[in-house]
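Consider the single chain below, provided in structure tokens and representing the form predicted alone.
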Amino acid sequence: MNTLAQTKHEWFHNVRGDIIAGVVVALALIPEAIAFSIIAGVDPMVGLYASFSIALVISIVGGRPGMISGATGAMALLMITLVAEHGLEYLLAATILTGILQLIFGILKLSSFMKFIPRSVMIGFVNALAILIFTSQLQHFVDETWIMYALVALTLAIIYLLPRLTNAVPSTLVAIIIVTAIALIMNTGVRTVGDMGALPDTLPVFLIPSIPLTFETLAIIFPYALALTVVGLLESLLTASIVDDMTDTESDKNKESRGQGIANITTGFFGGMAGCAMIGQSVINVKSGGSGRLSSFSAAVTLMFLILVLGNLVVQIPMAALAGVMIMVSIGTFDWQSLMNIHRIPKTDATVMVVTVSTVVYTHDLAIGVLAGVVLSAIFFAWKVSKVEVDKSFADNGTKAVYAVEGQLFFASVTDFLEKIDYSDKINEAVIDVTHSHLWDDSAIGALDKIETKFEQQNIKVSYKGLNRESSKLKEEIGGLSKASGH
């Protein structure tokens, strides 16, 4: 497929579905953007402008069509201290720097590091996110009457049952319209979008953050920008992988990294806070029929249209309707199959999944949870492959001992390996047979040096058999260093 045909396909292969999905997404973006602004300690318009500009820019330059990006809770949590201590202008500068770092990340094609995130961590990430989406809706039930619960139940019922009758219109959009109409007609008194904060009444304008361009300023914003970069890309690339699976299509992760960078740079100059891909909104988009770039574009345009033109109607949408939509999203996001199969998968994988979920839910930080899962997976993997077997036999009338090594020799296995070498045998030569082994690091070479040293002290010759090319090269380069240094 040539570039022009591919571009046409990404934008116009699903016009109706993308536009309708974009409208649904835009409705759900408003309360979230306002809520995330409040978390970060800034005016609601900062989050709304961010969701508009990021969704608009990413629809053009992103690498994953059909994925929605905007202001997110994970990013907002990282901004609290910066905003409290230095104010909005420094947040905008940190947003621009975040974009620059993400752009560099994409140019250097570092998204390949995603392959080091195991499936158990990915599933844990998704399940934790589903739990966070659900728990974030509980605040809307505080001090509310039974009417709130009834409207949420009605929303859930419409979203669940309508697709069984027809898929002509998204059930989420129908639910929002019906529940809003009921709330207005019956004057229920439940909280609305307008109760969460005032909506802006103008389009965002270009501005340069009013901060001193000094090394001191860089020292203030760089740690925050780096944290935002890592969390933003982690959430974006994991979300891209999830949308890949949902749509059974591939995406360009490095292009997505560059796109996220360009979107955040743009947002910083237009008064918005840093953002990234939104798994909840992306799931809403795909489930509502959106799969192309037009869905993100229409979500951005609809968002601004709703705020500027229909702001008076939007503020009357009851939070019950949007809470119901998000609860259904959390139910759809959670991988229920993983819960049913948890007793079948290896205990180490199950442990990694539970630790990832627990850490994210406890810290409300996706990056920390994923990092914990990856580190634990690495430890379990090292433990599994550190098992080494040594079979000793004798040759030449008992004057030669042959140690046949089976397993990987690296830092985690050399202790067990060394314990299996016997220096008390009355022999003339010791042969280390590594035909079924591999030398991976300095620790492995150091262990061989130690064996050589001990045998040579008893005038016993040491030779090797079966060294593969990589192991032989490593031994040639650093073998004997630990002997020479006396270790």
Partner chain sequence: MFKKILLSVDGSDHSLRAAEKAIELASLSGAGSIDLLHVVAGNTSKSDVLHHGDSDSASRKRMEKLAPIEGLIENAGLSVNTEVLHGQNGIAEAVVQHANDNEYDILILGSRGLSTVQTMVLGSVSHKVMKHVKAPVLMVK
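Given the structure is predicted, the values throughout are model-derived calculations rather than measurements. Residue numbers count along the first chain shown, from 1.
Just so it is clear, the following notes concern the form predicted together with its partner chain, a form of the same protein that is not shown.
Specify the contacting stretch among 264 to 272, 134 to 142, 303 to 311, 242 to 250, defined as having any heavy atom within 4.5 Å of its partner chain in the predicted complex.
Of the stretches listed, the one contacting the partner is 242 to 250.
If the criterion is a non-hydrogen atom within 4.5 angstroms, does every one of 46, 78 and 225 touch its partner chain in the predicted complex?
Not a single listed residue reaches its partner chain in the predicted complex, so no.
Please run the contact check for residue 276 against its partner chain in the predicted complex: heavy atoms, 4.5 angstroms, yes or no?
No, residue 276 sits far enough from its partner chain in the predicted complex that none of its heavy atoms falls within 4.5 Å.
For residue 351, is any heavy atom within 4.5 Å of its partner chain in the predicted complex, or not?
So residue 351 does not count as contacting its partner chain.
Might residue 365 be said to contact its partner chain in the predicted complex, defining contact as any heavy atom within 4.5 Å?
Answer no; every heavy atom of residue 365 is more than 4.5 Å from its partner chain in the predicted complex.
Taking its partner chain as it sits in the predicted complex, is residue 337 in contact with it (heavy atom to heavy atom, 4.5 Å or less)?
Looking in the predicted complex, residue contacts with its partner chain include residue 337, since a heavy atom lies within 4.5 Å.
Exactly one of 283, 193, 405, 151 has a non-hydrogen atom within 4.5 Å of its partner chain in the predicted complex; which residue is it?
Result of the distance check: 283.
Could you tell me which one of 412, 230, 315, 122 places a heavy atom within 4.5 Å of its partner chain in the predicted complex?
Of the listed residues, the single hit is 122.
Out of closer and farther, which fits the Cα atoms of residue 332 and residue 47 in the predicted complex compared with this form, where the change is 3 Å or more?
Pair moves closer in the predicted complex.
Can you confirm the direction of the Cα distance change for residue 18 and residue 328 in the predicted complex, closer or farther than in this form, given it is 3 Å or more?
Note: Cα gap between residue 18 and residue 328 widens in the predicted complex.
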